[in-house]
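One chain comes next, on its own, written as structure tokens: the form predicted on its own.
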Amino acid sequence: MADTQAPTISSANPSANPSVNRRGPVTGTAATAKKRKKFFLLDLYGTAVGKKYVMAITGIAMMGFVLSHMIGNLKMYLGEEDINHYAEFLTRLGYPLAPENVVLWIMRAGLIGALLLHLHAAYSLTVMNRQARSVKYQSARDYQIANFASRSMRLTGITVLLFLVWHLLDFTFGVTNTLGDGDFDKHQVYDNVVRSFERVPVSAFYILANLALGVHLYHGAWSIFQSLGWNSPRFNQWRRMFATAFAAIVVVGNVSFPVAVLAGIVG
């Protein structure tokens, strides 16, 4: 007797049964949009490592500035003509390819940008360190150095920032520094320096601010190597010598200017 049972089609093979409805790809609200990735430098800056790199790089730039600024100002000991000629040279950087003062202000804008990045990175790292209290330093010695730096760097940093504002008002814009006739001539650098440092309170503030700058430079120069990953107990002595020498050279050079004016060596 013939088997009258109808043949069955396995559901495991949908292609064999054209009548089986095929589901299309899921679309609409089920699909999640991919987030746009940040620029890799911004992504890196969002990490503690990135902020430390920014602190180190901007710190190196500002260290180079304070050293070159001090060396240039040493021309004051060569006489009025030399220091005034040096100031005029700075205003004519890139001339005639660029108008006078343009390159100088570009450099100033770059330094201001570096300062703002330095301040923001320092503040962000402080916030991150407070939130990560479980992270400990490698040794008691590292803890002591970092603890002292965290206390002194904020105070000296604020002092240096206030001094920078005063310095610009005194020697760049002439708001707080006027000659006998009440006029300020930015080209007469020698006279402006003498007029400013003849005021004992100004010289005292200048000296104290540079001592704070020296402390800041010392700890900054020390920590730069660690921020860039160049940290080894074998090099700690060299790091300390470099930090001490750099800070001492800048401070001694800067402090010598008000002392020379008050002592009558320059005037």
Ligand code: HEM
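As the structure is a prediction and not an experimental result, all values here were calculated from the model. From 1 onward, residues are counted along the sequence shown.
Keep in mind that the form predicted in complex with the ligand is not shown, yet the notes after this line are about it.
For the candidate set Ala98, Ile158, Ile71, Leu168, a heavy atom within 4.5 Å of the ligand in the predicted complex is found for exactly one residue, namely Leu168. Among residues of the shown chain, Tyr218 is not one whose heavy atoms approach the ligand to within 4.5 Å in the predicted complex. Contact between Phe65 and the ligand in the predicted complex is found at the 4.5 Å heavy atom cutoff.
By the criterion of a heavy atom within 4.5 Å, Asn210 is counted among the residues contacting the ligand in the predicted complex. The shortest heavy atom separation between Ala114 and the ligand in the predicted complex exceeds 4.5 Å. Proximity to the ligand in the predicted complex, taken as heavy atoms within 4.5 Å, picks out 202 to 210 from the listed stretches 231 to 239, 52 to 60, 202 to 210, 218 to 226.
The candidate site formed by Arg195, Leu262 and Val266 is entirely out of contact with the ligand in the predicted complex, as no residue has a non-hydrogen atom within 4.5 angstroms of it. Applying a 4.5 Å heavy atom cutoff to the ligand in the predicted complex picks out Asn254, Phe257, Pro258 from 228 to 264, in order along the sequence.
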